[in-house]
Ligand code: FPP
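Only one chain is shown below, in structure tokens, and it's the form predicted alone.
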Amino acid sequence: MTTDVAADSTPFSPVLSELAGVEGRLNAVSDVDHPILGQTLRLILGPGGKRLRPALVLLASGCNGTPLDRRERLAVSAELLHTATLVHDDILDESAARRGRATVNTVFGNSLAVLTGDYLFAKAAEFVASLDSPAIMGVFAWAVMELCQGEMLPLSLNGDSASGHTSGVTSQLRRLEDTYLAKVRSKTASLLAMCCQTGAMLDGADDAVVSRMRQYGLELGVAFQIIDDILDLTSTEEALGKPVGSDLLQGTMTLPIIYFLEAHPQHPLVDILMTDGTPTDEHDVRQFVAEIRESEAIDRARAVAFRFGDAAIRCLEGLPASQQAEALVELVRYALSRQS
């Protein structure tokens, strides 16, 4: 099995052979005696994925001769942690599909999905603990806590605007932009920061480099998520592996949606989100998606993503020249230019 971005020349090129080893270890995680757990693990681990997080660990830890076994174990732990969060996200969002396949909660129900996610969290922690580094375990724990706090941040409109409908909505949306960025930093960027920071720590990098790598991961994570949220509105169901406009269907306020509503505070979608929370008519959703897609909100959100991408690249300035450093720069460009 290969990664989704492992074809041709990619930012992952310097670590493709190492990613193959990570893939083998991930496959082995599904090899358990419990028949039901084995089925749920194969369903969630089988489809593969971008393997962005293992690649970041490997790129951040490949300069100083760190044994491959230790690097792979840390990379596997990062992917297992990420996968655990996906399982739990699908339960919370009641998602029916991911990467074009049915989710664990759809096939096996919420109870078994929760237990599968918990198992993956524990398995990820087991891999990290095997590195015998309290400092790295501490960063891992920080990332898990950030993920949980980010999930709890409210990101929705409410109908109790006190200063008139239009001005009240506009004020809410401006606050929501800040909340959105805080949520993205906690839910997406913290895990990428963990990968980069712990990879550098594992490699024995000095504190200044470790700090830069952590910040690089944070900036990259925000840029990556904003592009994800744009693609949810502009890509195709085939490319996404889920319906276009899934965020809107779930009432999730992403940056392009926020910007669209800021420009159109009297749009019918505002009342729907303030009263019902989510649009339920599929025809309406398709219409709303088409309007957002054609609006300036997409370019405005993309400009914010590019701002964070530029900040990520600046974090790498002054680091020793290497294939890995070049790949990290190219990874930012890939993240900003991808179409799926």
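Worth saying up front: this structure is predicted, and the values here are computed from it rather than measured. We number the residues from 1 along the sequence you see.
Another form exists, predicted together with farnesyl diphosphate; not displayed. Remarks below refer to it.
Enquirer: Just one of 141-149, 206-214, 69-77, 265-273 has heavy atoms within 4.5 Å of farnesyl diphosphate in the predicted bound form; which?
Expert: Single hit among the candidates: 141-149.
Enquirer: In the predicted bound form, does each residue in the set D89, L92 and R98 place a non-hydrogen atom within 4.5 angstroms of farnesyl diphosphate?
Expert: Per the other structure, all of D89, L92 and R98 touch farnesyl diphosphate.
Enquirer: Under a 4.5 Å heavy atom criterion, is N105 part of the interface with farnesyl diphosphate in the predicted bound form?
Expert: Contact check for N105: no, nothing within 4.5 Å of farnesyl diphosphate in the predicted bound form.
Enquirer: Does any heavy atom of Q172 come within 4.5 Å of a heavy atom of farnesyl diphosphate in the predicted bound form?
Expert: No - in the predicted bound form, heavy atoms of Q172 and farnesyl diphosphate never come within 4.5 Å of each other.
Enquirer: Decide whether A84 counts as a contact residue for farnesyl diphosphate in the predicted bound form under a heavy atom distance cut-off of 4.5 Å.
Expert: Because a heavy atom of A84 falls inside 4.5 Å of farnesyl diphosphate in the predicted bound form, the answer is yes.
Enquirer: Do K187 and farnesyl diphosphate come within 4.5 Å of each other in the predicted bound form, heavy atoms counted?
Expert: The answer is yes: K187 has a heavy atom within 4.5 Å of farnesyl diphosphate.
Enquirer: Who in 208-231 is close to farnesyl diphosphate in the predicted bound form, meaning a heavy atom within 4.5 Å?
Expert: Residue within 4.5 Å: Q225, and no other.
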